[in-house]
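In structure tokens, the next block holds one chain alone, the form predicted alone.
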């Protein structure tokens, strides 16, 4: 009989450093019902099938609910209106077609490959500058010194957020990212903190969008905020705000994990670190293997719109569904020797950026940032060594990555 509490072990922070043994147990039953009624999908084949199944909905967030303030006008009129608006205008990763497709089309018109590739030089300059700031030290904290500030600067530059405002986003992004964590969604204090962060960043974005419309520039936010022309619709203000927030949060939270997990993996595999240092052209293959082996997002949640029969199990209508991407990435039925980090692996069909309708729109940018950062770190850090293994991890189980990564070095190369 399958263990119906295994996923609760995944959520337990004590297992954050190495959840893969739990994933192995979960794969014994590809689709397993947990005690709370959720269905966990853990094999590569089952995840892939469900990613393209229209009976699985991404609109699974609980309704927005602001806390009572004691002010009758706010509690009985203003906040209920705000709650209805927030619930019906979620970011596109929490929307189904046709709304999802419409919003994604607006984003993709601005998030072009040409624009992303044009950031390559900017990313390189930022990485070199961040590494140079560590000169004269014998220890670096990768998260604080590079993994966090790099993607924040890049996504703010891409969207057109003033550089002076970048520090404000760390607190907002950290809190808003809890929307991906099942336990935080149902914790009243966490939900109230998320609503407060969303209101604060929404107010900021509303003002910034007004400025972009008055003084447009060559950035994504200006492009998304411009009015429609020749009969083409424009994005509504509320959807524009939620989309901008999504891009800011998703644009750096996952990349922080990708870079940090990547350097941690390379330090645990010094032969691969030496290979990358000697041959930077290996970087794209190495990143793809990282996305399989140590992905930045370990799972996403969905909701069944109807009964779904898969792998001998029927997921009933209305049931929560958890697509355990990281378990699928280590599935021996799909990957030979799946627990081996092997950048020369062929046919590496991972779920590092999700899949289906919700495949990550920022995947090309995340790849560039990770490739540039890891190549530069391998080339410039002299004799890097882990200070603690495993390092301390962030609390989230879905967006899984080290909270800090101390590296001892003997110097920095030019």
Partner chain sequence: MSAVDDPSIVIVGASLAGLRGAEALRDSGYTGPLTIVGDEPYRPYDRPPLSKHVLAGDLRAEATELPQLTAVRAQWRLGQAAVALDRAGRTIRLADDTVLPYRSLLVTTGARARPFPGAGAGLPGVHTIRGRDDAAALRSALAEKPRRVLIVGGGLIGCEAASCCRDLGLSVTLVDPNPTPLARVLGMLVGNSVAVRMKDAGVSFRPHTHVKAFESRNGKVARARLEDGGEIEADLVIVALGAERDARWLAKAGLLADGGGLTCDAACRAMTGEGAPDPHIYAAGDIARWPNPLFGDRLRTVEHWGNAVEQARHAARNMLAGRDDQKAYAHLPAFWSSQFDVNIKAIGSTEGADKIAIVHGSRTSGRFLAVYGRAGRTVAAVSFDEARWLPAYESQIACGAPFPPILDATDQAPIDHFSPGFPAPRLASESADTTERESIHA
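Here the structure is a predicted model, which is why all the values come from computation and not from measurement. Positions refer to the first chain, counted from 1.
What follows is about the form predicted together with its partner chain, which we do not show.
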Q | residue 98, heavy atom within 4.5 angstroms of its partner chain in the predicted complex | A | yes
Q: Although its partner chain is absent from this view, report whether residue 371 comes within 4.5 Å of it in the predicted complex, heavy atoms only.
A: no
Q.
Contact with its partner chain in the predicted complex for residue 306, defined as at least one heavy atom pair within 4.5 Å: yes or no?
A. yes
Q.
Is it the case that residue 376, even though its partner is missing from this view, gets within 4.5 Å of its partner chain in the predicted complex, heavy atoms only?
A. no
(Q) Quick check on this chain: which one of 46, 357, 38, 29 has a heavy atom within 4.5 Å of its partner chain in the predicted complex? (A) 357
Q | One residue of 317, 340, 210, 122 in contact with its partner chain, assessed in the predicted complex (non-hydrogen atom, 4.5 angstroms) | A | 317
Q) Taking the partner as it appears in the predicted complex, which of 211-219, 98-106, 145-153, 262-270 has residues with heavy atoms within 4.5 Å of its partner chain? A) 98-106
(Q) With its partner chain taken in the predicted complex, which residues across 40-57 come within 4.5 angstroms through any non-hydrogen atom? (A) 51, 52, 53, 54, 55, 56
